[in-house]
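So here's one chain in two forms, each on its own in structure tokens, numbered structure 1 and structure 2.
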Structure 1
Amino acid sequence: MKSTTTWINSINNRFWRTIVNSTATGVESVAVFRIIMGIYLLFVTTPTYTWIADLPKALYTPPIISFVNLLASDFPGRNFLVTVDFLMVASIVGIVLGIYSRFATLAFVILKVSVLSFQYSFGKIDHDIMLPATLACMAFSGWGQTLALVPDKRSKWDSPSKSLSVIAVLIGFGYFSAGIEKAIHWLNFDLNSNGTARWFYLGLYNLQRQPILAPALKNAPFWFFKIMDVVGVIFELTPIIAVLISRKAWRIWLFFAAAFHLVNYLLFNINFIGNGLVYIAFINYKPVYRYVANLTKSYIAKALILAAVGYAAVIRGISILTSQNVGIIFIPDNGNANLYCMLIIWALICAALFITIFKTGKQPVHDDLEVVSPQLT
């Protein structure tokens, strides 16, 4: 029995150590990523949920195994949702400025997951869980220890390596669970049955989506869609393999993941920009850390940053109170402007991940990093 547990623990140790070697960065790097994530949440897409109060109560059918069933049978009113929205904006400000970042991050995650439970109780479950899952992991990465107005104290729970390795496993598991289902139904030689074509034509005619490249794809032969089916399945089944091969293989997969989502956006008008933010968590930002640190020492830079963050927070607050959707801050709120901004963001994500492939260096796993649970005895 002891030899069996030792063998299992050895495999577990090797598994996590391999993933850590493929994903690890330092506190300086995740601190820069914290700012990037905060800017995205505050300036690009701030979630609001006051609209839930206007939905018909007849559609509210929470699942049996859900914490919302512990509450009243009715879903929360507008005042509750407005309060949650304001608290989420406040927590985002704490993330981007580094004000008790660990607490702000956990508060945002708890609030978002809680309100998503109400949203999903109306029947449609979206694909946006990776962002709060990533934030939950990063809360214990130490990303609030530096580049922060009110830095977090060092904690024995903080480890960038652990946080990023868990995120990598979550990405691998999430994509595998989606890919295996597609593999069962999509991988066949029946040209009359096609998953990608179904998504495209359903979105184009039923949902009235207007992808940028729709005219080019509308008359494409079905064998082309069948190739896209195969490529999509292979892509979704391979992240856990890539992270276990090497650090460079993982970064190559991340680049193709971003490129895959960019193509989806162009062809199907399906935008998983939140996943793009998750991918760039694995970039080593240490080369730009010193520049950012020096920039934040300037009183003028600090004043401009505080003014921009304050302005964005006020705009988001007004949006919550008036129930008017506000897109990207400082960008005209119209479809074309938001579309091109999203394309630019995706292009920047792809470019950054592509450069990272060639900048990949071996990240040593220090002896003091406990990448697995203590040895079983």
Structure 2
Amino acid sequence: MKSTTTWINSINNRFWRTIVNSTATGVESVAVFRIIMGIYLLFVTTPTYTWIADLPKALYTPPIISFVNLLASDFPGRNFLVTVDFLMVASIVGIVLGIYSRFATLAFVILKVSVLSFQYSFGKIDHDIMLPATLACMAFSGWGQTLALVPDKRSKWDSPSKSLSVIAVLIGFGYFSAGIEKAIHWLNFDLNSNGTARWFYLGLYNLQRQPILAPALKNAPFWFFKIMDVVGVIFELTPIIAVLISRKAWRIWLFFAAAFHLVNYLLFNINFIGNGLVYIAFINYKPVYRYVANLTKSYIAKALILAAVGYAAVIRGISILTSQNVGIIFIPDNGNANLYCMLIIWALICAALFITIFKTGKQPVHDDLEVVSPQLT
């Protein structure tokens, strides 16, 4: 019995050690990532949730198994949602500027998941859970210890390598949950049966989506959709394998993941930009850390950063009070501008991940991994 337990423990340790070796960066790197994530949350995705208060009770059909179904029988009121919206903006400011980052991150995650739970009580669950899940993990990465106005104190819970390893496993399982059912129904030799084509035609004619490359895909032969079926399933079932193979294999998968989302956006108008942000958590930003640190020492840079953050926070505040979407801050809120901005962001993510494939470097040593946490042996 004892030997079985020891054996299971050793498998467990080997499993996590392999994943840590494939994913680890360091405290300095995750601090830069915190700023990138904060900029994304403050400037790029700017949702408000006050509109939920206007929904009639008849439309309240929460998922049977959800905490909002347990706790509420109607959509929340406007005052509650305005408060939550403002608290979310405040927590994002905390993340981007590094003001009690751990607390700000956890507060954001709780608030975000709460309002999304009410939003999905409309009936449709969007599967954008990876972003809050990643933030929840990063709250324990030590990403607020440096490059921060009010740095977090070092904690025994902080471990960038542990956080990133859990995120990698979350990605692996998330995609498994999407790919396994598709594999059962899509992987066959019947060239006349197709899943991707169904997504495409339903998006086009039922949801009235207008993907930018729809004309090209409409004219594609039916077997092309079959290739997409197979490639899609392989892509969705392989992240956990890639992360267990090597650091380079994981980075190659991340690049293909970003490219997959970009293609999805172009062909199906399905934009999982939040996942793109999750993928770039695994980039090692250490080479740019010093540059960012120096930049934030300059008074002019500090003033500009504070002005930009302040401006965005004010715009977000107005958006909350007026229930008007503002789109991407500094960019006109119209369909085309939003589309091209998103394409640029996706292109940048793909390019960054592509470069990372060739900058994998040597396997990280533990001194690099754990500047803070002594827990990792």
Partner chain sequence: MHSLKFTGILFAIFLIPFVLRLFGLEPYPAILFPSGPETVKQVNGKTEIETKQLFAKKQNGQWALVEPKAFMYPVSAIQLAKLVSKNMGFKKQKPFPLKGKIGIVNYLYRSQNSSSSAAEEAELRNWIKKRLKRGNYQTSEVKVATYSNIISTTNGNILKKELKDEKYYNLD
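Please note that residue numbering is based on structure 1, beginning with 1 at the start of its sequence. Quick caveat, the model's predicted, so the values are computed rather than measured. Rigid core (definition): largest C-alpha set, two forms, superposition within 1.5 Å.
Taken from the structure described as the form predicted alone is structure 1, whereas structure 2 is drawn from elsewhere. When two forms of a protein are overlaid on their rigid core, residues whose CA moves 2 Å or more are considered shifted, and Ala216 is not one of them between structure 1 and structure 2. The two forms, fitted on the rigid core, differ between structure 1 and structure 2 by 2 Å or more at the CA of Asp190.
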